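Have a look below at one chain only, the form predicted alone, in structure tokens format.
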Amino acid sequence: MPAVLVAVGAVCLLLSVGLCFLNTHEGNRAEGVQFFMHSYLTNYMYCLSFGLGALFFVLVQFLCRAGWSASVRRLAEIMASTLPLMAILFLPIIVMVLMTNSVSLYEWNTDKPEGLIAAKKGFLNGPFFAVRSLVYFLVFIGSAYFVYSNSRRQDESGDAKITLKIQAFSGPLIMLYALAISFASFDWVMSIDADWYSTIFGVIIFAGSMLAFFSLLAISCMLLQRNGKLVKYVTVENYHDIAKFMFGFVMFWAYVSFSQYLLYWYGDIPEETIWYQIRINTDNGWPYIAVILLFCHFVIPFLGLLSRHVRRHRTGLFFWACWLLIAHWIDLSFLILPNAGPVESMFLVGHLLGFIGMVSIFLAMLLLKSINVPLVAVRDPRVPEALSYHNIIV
């Protein structure tokens, strides 16, 4: 199955390249590269967000000594363990930045920057970008490896001190994670438009990553139980808590996104509003996507997940998890694609194929990581608490 997914992913990515180049005017090669790289980065960040969200979830659960999540935490550890493979998929972006003097993705990647970009050249340059990216991945991969390797060691030894060891390091690792995901968001996504900046941008990426992770976690648990796995370990109480996190991050994403917009609207400074000007230009259709995000990423799922009955109903939760995964992809497309220029139908088809390709490769990674691995940390001292707790009705 993983081999089939990899093959499907590779074919879809190749088709995406071809369609992006067909979308160009008069065979403009640079325009084709620009379309594809923006699409690639969007779909890459989409799949990367699952691992980033999973890593933060695991660290917080250990730090807070949480018991409810012990029966589902291993799934999050497996998702976080895909980060080394995601680092490999980041290489095309690094190669493009280092090997070419091209502004097809990052407008600062030129020997002759102008205006405000010239003042940022000391920070926004290819070699320093690559070094920073390496540091971010070292933080992400190192943290994920530390937790996962120790958790697997506990499967064999049953030593309760391993839980205390991970717990002791979780606080410092969370601080490193916060810095890494913030600056990675600035470098990889926000710097596409190097004239513009937002100090809350990293929090927006973080909120979307957590929402995507909890949605994927809910779907994974349901599919595994449908195949006879985790039947005794994941209860309706676990689903209820996962759904509460989904509901909370729906609101948190809306809060930070609106906060960013409100400050720039109130200030009305040209160099700060240019990012929104690109996205409200009626010639390219992005204003309609903004409206879709307002309702599909906030209003509708907010109302849908508001009911306690829905949060404890597996079919309803499965529906909203799938809904939010689609909304998350639209959100990342809204953040990245407008800088690629006017979007036409052929490019959208190529972008969708790129999405299918990247997700297929990610799922193959996930399946490979879960082979011959217990899906529950059965010798974790907090598993009994996870199996016995109940949500309190207040």
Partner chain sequence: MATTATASVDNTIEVPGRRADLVTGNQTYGSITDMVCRIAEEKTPAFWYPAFGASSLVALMFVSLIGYLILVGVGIWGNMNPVFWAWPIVNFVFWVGIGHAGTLISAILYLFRQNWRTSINRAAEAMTIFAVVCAGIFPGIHVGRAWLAFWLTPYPSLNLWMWPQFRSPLLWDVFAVGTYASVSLVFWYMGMIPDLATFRDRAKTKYRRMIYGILSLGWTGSSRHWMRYEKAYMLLAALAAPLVLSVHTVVSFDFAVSQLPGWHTTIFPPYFVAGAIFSGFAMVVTLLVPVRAIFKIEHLITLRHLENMNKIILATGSLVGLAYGTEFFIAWYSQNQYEGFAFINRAFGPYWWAYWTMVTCNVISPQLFWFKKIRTSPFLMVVVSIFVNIGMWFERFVITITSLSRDFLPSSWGYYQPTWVDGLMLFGSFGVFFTLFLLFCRFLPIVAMSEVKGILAIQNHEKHGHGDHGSHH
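Residue numbers count along the first chain shown, from 1. Predicted model, so just to flag it, every value in this text is computed and none were measured.
Keep in mind that the form predicted in complex with its partner chain is missing from the display, and what follows is about it.
Note that among 319-327, 144-152, 238-246, 96-104, the stretch whose heavy atoms approach its partner chain to within 4.5 Å in the model of the complex is 238-246. Here the marked residues 223, 227 and 277 all miss its partner chain in the model of the complex; none has a heavy atom within 4.5 angstroms. The closest non-hydrogen atom of residue 123 lies within 4.5 Å of its partner chain in the model of the complex. At a distance threshold of 4.5 angstroms between non-hydrogen atoms, residue 314 is out of contact with its partner chain in the model of the complex. Contact between residue 18 and its partner chain in the model of the complex is not found at the 4.5 Å heavy atom cutoff. Interface residue remark: residue 284 is not counted as part of the site for its partner chain in the model of the complex, having no heavy atom within 4.5 Å. Put simply, of 352, 66, 367, 30 only one has a heavy atom within 4.5 Å of its partner chain in the model of the complex, and it is 66. Heavy atoms closer than or equal to 4.5 Å to its partner chain in the model of the complex belong, across 162-201, to the residues 163, 164, 167, 171, 172, 175, 178, 179, 182, 183, 186, 190, 191, 194, 196, 197, 198, 199, 200, ordered by sequence position.
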